[in-house]
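Listed next as structure tokens is one chain, alone, in the form predicted on its own.
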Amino acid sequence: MLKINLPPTPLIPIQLEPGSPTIWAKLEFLNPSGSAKDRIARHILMKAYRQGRLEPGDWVVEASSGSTAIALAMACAGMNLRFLAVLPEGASQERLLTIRAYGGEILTLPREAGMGAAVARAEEEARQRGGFATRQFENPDNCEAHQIFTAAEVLTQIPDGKVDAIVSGVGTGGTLVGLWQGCRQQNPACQPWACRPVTLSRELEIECCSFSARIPGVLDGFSSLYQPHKLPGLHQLEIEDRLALGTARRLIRRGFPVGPSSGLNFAAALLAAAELGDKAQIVTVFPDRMERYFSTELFNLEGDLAVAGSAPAGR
């Protein structure tokens, strides 16, 4: 079985505009499959293999809207494993084609079934095939991968090895929780900042907002790994989805080939910087690459052009 070794990804300071705060961004889109999910795919599979729960030729099954499935498909291709992705309709064609290119199989459920049904079906398929379910939404190895590997890299890359805040959207929650757990070992005052995309609307002349599905990979209260009451000092931000998409487009125009969640994370990190001050070292993650979104509204360049610095829906 091929052992998977991931080289460190860069951590770089980004100032999007003159005079704007500097944010430290971990360029996870430079991982081999193009996303931060390579971290959890590598860690979960190799750990299961070492523990004797996985052997060459076995099935690996996961419910995923895209990036985790791509990472697992690539990892399984290199480890002589078979892979099945279970996902609701709606994933971009780029994602589906990439999974299949690595030899992965795809089982698609009706969009209205949602991720909960996909998780249940993945469990059923794993049982029927005698396979291994990676269970990204509940497996603590998800967080552990980022605590052991991603956070360790950040602490060696950032000046003085000190991180004041971790900012991230939440899908499984593994990135935010794991990075925060790792970085607070060096700085116990490190703060976790979670962000969620929202759509603004006016009803009866009252402005309100609701969770937006326009930012793929960010889910609302689905994962058992993200438990706010277990994150002391947690800040939770709401970012308008137009702002997140507009920020992602601006990052692309600055030479960062990122997806929508990177725009969400960076816009939220700017809000955190406004509260914590210029001296705070704030780290966020650019989770995945733009190529898997060519057919989505991220590349509807005639659409809304909200940009970082506009008034977001901060809470």
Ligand code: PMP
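Because the structure is predicted, anything quoted here is derived from the model rather than measured. All residue numbers are counted from 1 along the displayed sequence.
Quick note: we don't show the form predicted together with this ligand, though the next part is all about it.
A.B. asks: If contact means a heavy atom within 4.5 Å, which one of 283-291, 250-258, 49-57, 266-274 is the stretch that engages this ligand in the model of the complex?
C.D. replies: Of the options, only 283-291 has residues within 4.5 Å of the partner.
A.B. asks: Of G173, G182, P88, G104, which one comes within 4.5 Å of this ligand in the model of the complex, counting heavy atoms only?
C.D. replies: Exactly one listed residue reaches within 4.5 Å, namely G173.
A.B. asks: Can you tell me if G169 lies within 4.5 angstroms of this ligand in the model of the complex, counting non-hydrogen atoms only?
C.D. replies: Residue-level check for G169: yes, a contact with this ligand.
A.B. asks: Since only the chain is shown here, I'm wondering whether P216 would be in contact with this ligand in the model of the complex (any heavy atom pair within 4.5 Å).
C.D. replies: Result yes; P216 sits at the interface with this ligand in the model of the complex.
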